[in-house]
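Okay, here we've got a single chain as structure tokens, the form predicted alone, with questions on binding and movement later.
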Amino acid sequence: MELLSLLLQTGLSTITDVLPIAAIIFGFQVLVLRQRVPNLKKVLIGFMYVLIGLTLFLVGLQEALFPLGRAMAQQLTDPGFIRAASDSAGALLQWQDYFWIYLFAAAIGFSTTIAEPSLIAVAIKANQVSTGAIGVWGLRIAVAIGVATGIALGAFRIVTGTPLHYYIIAGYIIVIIQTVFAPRMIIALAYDSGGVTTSTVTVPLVAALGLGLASTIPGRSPLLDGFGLIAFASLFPIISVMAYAQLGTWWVKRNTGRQQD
């Protein structure tokens, strides 16, 4: 009964969230364009699929993925586990003793990004628009590597207590330099890739990790230090996607040069 009640409640909430989108689309089609909606039956069926899919997806996150992420974050940030894993019983913990935290942060960042629905949609559209020049999996993996690197570095920042703005300023300096040299067709997509990663799947798990880490490390404030991982998850995919395009361009030029020789 609890599951049915949760499904019903989530379904009603999803309908409330999706209705404004449907109202805008149909409203512009009828009132502004003054045309009938083409393939109305298929469009309505598609909206039903969206509602059902989002409902099941959100319930799955709430009942399985979120509790698991919180539990993993709490266990991995427990001082007892860290001391046992690093063989530093009785000693003051150093940043290198949190190795498993960095590894878990990178792994959770990579896996949640691969599963991010918004990134999948953007990757498919980019593949279609570029007529196959931008691979769906290539883009998804490039973004996932960027998120994994960013969240691992963000976890390191929380452990060491260094200021957030140092990392963000340095990161955007790298982005600006890359923008000058990266292929033009990838620049806008790279900037968008940083935004689409921070969505339904990634944000709750990453936020739980940051707050859990800041809550268990002595001298850290959950409010001051626990947040900021989402900024890393938004910044580093821009770097990794442009690097992916730059490496691809270099590889093509290298092979072309070999063939000419």
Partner chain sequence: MEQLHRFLASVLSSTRDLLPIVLVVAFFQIVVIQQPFPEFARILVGSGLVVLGLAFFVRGLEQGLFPIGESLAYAFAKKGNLFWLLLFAFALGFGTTIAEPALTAVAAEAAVIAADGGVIARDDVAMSSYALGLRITVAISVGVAIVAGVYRIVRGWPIQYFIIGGYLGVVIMTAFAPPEIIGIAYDSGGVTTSTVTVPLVTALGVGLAESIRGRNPMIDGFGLIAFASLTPMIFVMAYGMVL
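Since the model is a prediction, treat every value here as computed from it, not as a measurement. Numbering follows the first chain given and starts at 1.
There is another form of the same protein, the form predicted together with the partner chain; it is not shown, and what comes next is about it.
A115 is the sole member of I82, L153, A115, I174 with a non-hydrogen atom within 4.5 Å of the partner chain in the predicted complex.
The putative spot formed by L8, A214 and R220 is not touched by the partner chain in the predicted complex; no residue has a non-hydrogen atom within 4.5 angstroms of it.
Using a 4.5 angstroms threshold between heavy atoms, I134 counts as touching the partner chain in the predicted complex. Of the heavy atoms in V196, some are within 4.5 Å of the partner chain in the predicted complex. Contact check for I141: no non-hydrogen atom falls within 4.5 Å of the partner chain in the predicted complex. Proximity of V252 to the partner chain in the predicted complex: non-hydrogen atoms within 4.5 Å are absent; the residue sits far from the partner. Contacts of stretch 109 to 135 with the partner chain in the predicted complex, defined by any heavy atom lying within 4.5 Å, are made by S111, T112, I114, A115, P117, S118, I120, A121, V122, I124, K125, A126, V129, S130, I134, listed in sequence order.
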